[in-house]
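Just the one chain here, laid out as structure tokens, in the form predicted on its own.
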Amino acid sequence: MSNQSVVVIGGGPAGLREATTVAELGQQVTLIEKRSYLGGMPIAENYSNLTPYFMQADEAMGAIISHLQSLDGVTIMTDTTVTACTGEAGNFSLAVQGKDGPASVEAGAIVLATGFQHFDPGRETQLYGYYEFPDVIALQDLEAMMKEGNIVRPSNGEPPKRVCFVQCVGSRDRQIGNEYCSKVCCGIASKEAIEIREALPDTEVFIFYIDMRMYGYWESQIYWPAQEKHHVQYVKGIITEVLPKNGQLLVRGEDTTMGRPMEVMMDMVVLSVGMEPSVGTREMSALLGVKQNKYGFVEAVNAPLDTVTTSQAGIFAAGAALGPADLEDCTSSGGLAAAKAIGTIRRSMAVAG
């Protein structure tokens, strides 16, 4: 017998869009989230404003959460993890563990929207001193500062006079196995650089990059304004080492345009860390028997024209569970996964009926 409900695993941007679309199309949906709240990484990591439109993260995520909660046929289960899955397309049964104990959830189709995690720059042999030097931070750390309206050096609580971003930390790196571009880091760094310049007009901001990769309209939305309006200084170069010196940070590397060594003093260094599959993406993929690519993300088996279908019939994926993705990618793939999931249920009902 076919079940008419879709189960979405993960309550971040992709999962919220997926669940909302399913409900708007008149199908029942159960959203399962392991955290005690919805919103995914923008909420968990205290994002300030979203790239590239500078919308407040809390406000934007709150709006889609409120809309989802207002729709009929929606069940939201927070503080809940999936522990087992049996069945097949049209008739899945999931065992879950929630705050009120174990339970079972039935579904005709499943969507994985388990997202990503930020690369841990401490893995990269500590060349940047992320865990050693308090004034070396990552993109998400700066987001949290900006959300509080308090951009200061962690070491002394004073506003920095010179800040630099180091691009491609944990991305495009064969030595650590992350050969891919994480897609959003260049745009996020440029957005954050603009925000620093707006909040601290006397602060010099530099971005050290291998290549600047701007997708779609980001070139005109943030890249050129960062340079022309906000005077962010982009330097093509490779940073090899960060060391403390006289109360500041000595940043060493190579200016690849000029072909010569480079040493500059900074008050704060921001590491533009890339995306990796989250623990949830790895665990849920294994539990559901869904094929992963060599990096650990869910593999879309019919790409490029179908980017959400997995190796298991009736199970789909959306957002950064599939690989590096911006918010527009997440919502787009969430909508497609919703359509695919509903199609699976309706075909199963037709066969059963």
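Throughout, we count residues from 1 along the sequence that is shown. Given the structure is predicted, the values throughout are model-derived calculations rather than measurements.
One more form of this protein should be noted, the form predicted together with a further copy of the same chain, which is absent from this view; the next part is about it.
The stretch that touches a further copy of the same chain in the model of the complex, counting heavy atoms within 4.5 Å, is 203 to 211, out of 143 to 151, 90 to 98, 203 to 211, 103 to 111.
Of the residues R172, H118, R162, R282, just one reaches a further copy of the same chain in the model of the complex with a heavy atom at 4.5 Å or closer; this is R172. This chain is drawn without a further copy of the same chain; in the model of the complex, the residue among T256, N156, T75, T240 with a heavy atom within 4.5 Å of it is T256.
In the model of the complex, N293 approaches a further copy of the same chain with a heavy atom inside 4.5 Å. Using a 4.5 angstroms limit between non-hydrogen atoms, L327 touches a further copy of the same chain in the model of the complex. Within this chain, M41 is remote from the site of a further copy of the same chain in the model of the complex, having no heavy atom within 4.5 Å. In the model of the complex, a further copy of the same chain sits beyond 4.5 Å of every heavy atom of Y47. Annotated contacts: D79, R123 and L250 are all free of a further copy of the same chain in the model of the complex [non-hydrogen atom within 4.5 angstroms]. Interface residues of 309 to 340, taken as those with a heavy atom within 4.5 Å of a further copy of the same chain in the model of the complex (partner not displayed): L322, G323, P324, L327, E328, D329, T331, S332, S333, G335, L336, A339, K340, in sequence order.
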